[in-house]
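One chain is shown next in structure tokens, namely the form predicted on its own.
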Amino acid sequence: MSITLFKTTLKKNWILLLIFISVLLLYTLEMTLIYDPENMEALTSMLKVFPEELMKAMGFSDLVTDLTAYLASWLYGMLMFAFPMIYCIILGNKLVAKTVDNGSISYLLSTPNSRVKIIVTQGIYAILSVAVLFTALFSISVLICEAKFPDLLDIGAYFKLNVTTMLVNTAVMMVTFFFSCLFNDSKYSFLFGAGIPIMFLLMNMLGGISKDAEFLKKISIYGWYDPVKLVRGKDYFNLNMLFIGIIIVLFIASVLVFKRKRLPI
């Protein structure tokens, strides 16, 4: 890993990370402020205004009353998939494919750093940026909840929820990063690096609409766990290990394909 390259990458991309942290924190704040522990019936009745199929597709549940399950349903049912996915697509393409496409990769290769060192550094930044995103969201959202509703949030369960959701999005980041390393042209990197995560998201939504399409959710990376069941005690340790395995495999594959491919320089 090159510390100098890591710092340069951070300087070029920290604003992008800050934007997504800010947007997600804004939604978290809004969702927290409308929570009313004394009148959850009125709050959940809002869902009945919309078609039941739409609510299922979005991952909303009308069977939650406590703050932890409420956040798991209303925030982590869809929002914490869609917005981080967009961040992963933008950053994953920008870190490698875009530098090859615009020729700036030649400047990196002219330094004493090897191809492996360069791509490992970029990959580590990609993974750490997702970790920073969810660490910030978890820490600040806990502070918001404790300030507004002291002792109502199950911090341990909420932490587990954020860990699993972070691993899902890190796996998505590695999907986009892999295709960014595979293709020299950023349009192809976008086609596959964005197309596959978006397909998974759509499959998860369609799978939640009806039992006939439920199989689509089961084969989508986003449908492998239920946020509400997670905060209510279901063990997802094995699933977390699976996500970590996917991340490691895609990271190694990204390094190998970038090391061996021909670059237009």
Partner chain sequence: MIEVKNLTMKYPSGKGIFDLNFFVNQGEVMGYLGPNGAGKTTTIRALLGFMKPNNGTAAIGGMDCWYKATEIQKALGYIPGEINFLDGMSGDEFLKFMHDMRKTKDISFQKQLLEMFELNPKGKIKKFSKGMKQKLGIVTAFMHNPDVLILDEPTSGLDPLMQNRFVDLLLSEKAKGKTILMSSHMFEEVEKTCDNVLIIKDGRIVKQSDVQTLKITQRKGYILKTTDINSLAQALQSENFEIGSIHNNSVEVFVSAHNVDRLIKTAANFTITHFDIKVQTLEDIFMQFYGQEEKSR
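Predicted model, so just to flag it, every value in this text is computed and none were measured. Residue numbers count along the first chain shown, from 1.
Another form, the form predicted together with the partner chain, is not on view; read the next lines as being about it.
Which of these stretches, 165-173, 105-113, 123-131, 141-149, has heavy atoms within 4.5 Å of the partner chain in the predicted complex?
This holds for exactly one stretch, 105-113.
Using heavy atoms and a 4.5 Å limit, would one call Lys98 a contact residue for the partner chain in the predicted complex?
Heavy-atom contact with the partner chain at 4.5 Å: present for Lys98.
Given that the partner is absent here, does Lys160 sit within 4.5 Å of the partner chain in the predicted complex, heavy atoms only?
It does not: once the partner chain is placed as it appears in the predicted complex, Lys160 has no heavy atom within 4.5 Å of it.
Quick one: name the residues from 171-186 with any non-hydrogen atom within 4.5 angstroms of the partner chain in the predicted complex.
Result: empty, none.
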